[in-house]
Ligand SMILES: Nc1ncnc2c1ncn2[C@@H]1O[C@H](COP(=O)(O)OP(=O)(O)OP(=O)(O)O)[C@@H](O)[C@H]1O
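What follows is a single chain, given as structure tokens, in the form predicted alone.
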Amino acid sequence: MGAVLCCLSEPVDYDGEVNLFHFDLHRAVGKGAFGKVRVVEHKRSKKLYALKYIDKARCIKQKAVANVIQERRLLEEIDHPFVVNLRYAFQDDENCFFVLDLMLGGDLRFHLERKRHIKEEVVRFWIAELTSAVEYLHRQRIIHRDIKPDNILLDAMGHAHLTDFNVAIHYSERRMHSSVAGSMAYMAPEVVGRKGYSWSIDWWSLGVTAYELLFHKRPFDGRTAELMTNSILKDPIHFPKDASSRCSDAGISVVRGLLERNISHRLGCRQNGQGIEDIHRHPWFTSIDWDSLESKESQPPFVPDMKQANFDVSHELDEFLMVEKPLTHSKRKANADLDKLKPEMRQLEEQFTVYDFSRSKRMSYYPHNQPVGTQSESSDRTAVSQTNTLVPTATIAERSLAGSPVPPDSIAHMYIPPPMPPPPAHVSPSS
């Protein structure tokens, strides 16, 4: 009797272009605006990654195609120890896929809500690692625009990594940005005040994050967008009555320095300072060995408990209960006629290109990586509900407008992070 071969799957072509068939799908560990985040295992290398997938139809409906392509391009430019780096990118007929470094330690929002009180030494270590990531991004001429505990992930060892570049953009030394993007409670005064802004806004957002991690509350509050704006623009920075028992004077000094409304005096941005060196030399960071930290040789003071899930387990339940259509491997339709596709779908087909870190040299799209289309607000991305109650941690993205020219006198006083040195002729992929 002959062997039955009907149930055998076709062999995977690992030497061909990367696709979903190269991965085994495991549990869901997160949920984004347009899809889930799952643990996946590369079948040949056996390495685990995070798979972020975006439903094309939902993305088009929410007018977020430009954001997705922008994020795809920016992630190709980035490779840093404290960033959730892109390893592969590809698409099928229904979804766009980002395959990213796997972070099983949970996000800082999760740990903040679970622990309630986080020790100062732990917050200091995280902020030190994040300053390294932020300074790297600025040297790449990238503004993250949405730094908050939700977008900071821990790996299994306890190292902090910046993620979610959905509203990140390149900045120019010659023109200021004016569109409102990010999460309102973490927005700098120059964003909500619509005065024009650049990379310095990330340091403010890091300051709000540090305050919240230390004191389990945010420094600025308001039930509506108007009240929140007024608070960010005008309210003095108050610290809790028990602040001295939670944080040293040096730690409070760092938070005050980052939450400085005068940009030329803001920590990391001081016009007569040395940028990142002002942070490295601050007394709060005396215990930090920066070389050891940036090579990930420093021992994190907090290690996540890997015996339990460091994420909301309900993400898996959605698929189990068929609330959402489960992700499955599916072959692409052969020879799709791009001319017959709707404009947004064609844009995704042409511009969400394949990336494979084991083969591709990381490239920069700057200065050509200007917004690839209009970025519109959508019902899924607005922070103010119909009751006019603010959701302070919800990410918003306003239509991206042309940058405003920087006044000449502002340029003279602006600390410009030095550009990254040009990459070598061949960039070997990092593991």
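The first residue of the shown sequence is 1; numbering continues from there. In this text, all values refer to a predicted model and were calculated from it rather than measured experimentally.
Below, we turn to the form predicted in complex with the named molecule, even though it does not appear here.
- Using a 4.5 Å cutoff between non-hydrogen atoms, Asn151 counts as a contact of the named molecule in the predicted bound form.
- Of the heavy atoms in Ile288, none are within 4.5 Å of the named molecule in the predicted bound form.
- Of the heavy atoms in Ile147, none are within 4.5 Å of the named molecule in the predicted bound form.
- Among heavy atoms of Arg58, none comes within 4.5 Å of the named molecule in the predicted bound form.
- Segments offered: 122-130, 94-102, 230-238, 252-260. Contacting the named molecule in the predicted bound form at heavy atom distances within 4.5 Å is 94-102.
- Here the marked residues Ile118, Glu212 and Ala243 all miss the named molecule in the predicted bound form; none has a heavy atom within 4.5 angstroms.
- Residues are counted as partner-facing when one of their heavy atoms sits within 4.5 Å of the named molecule in the predicted bound form; in 35-49 only Val37 qualifies.
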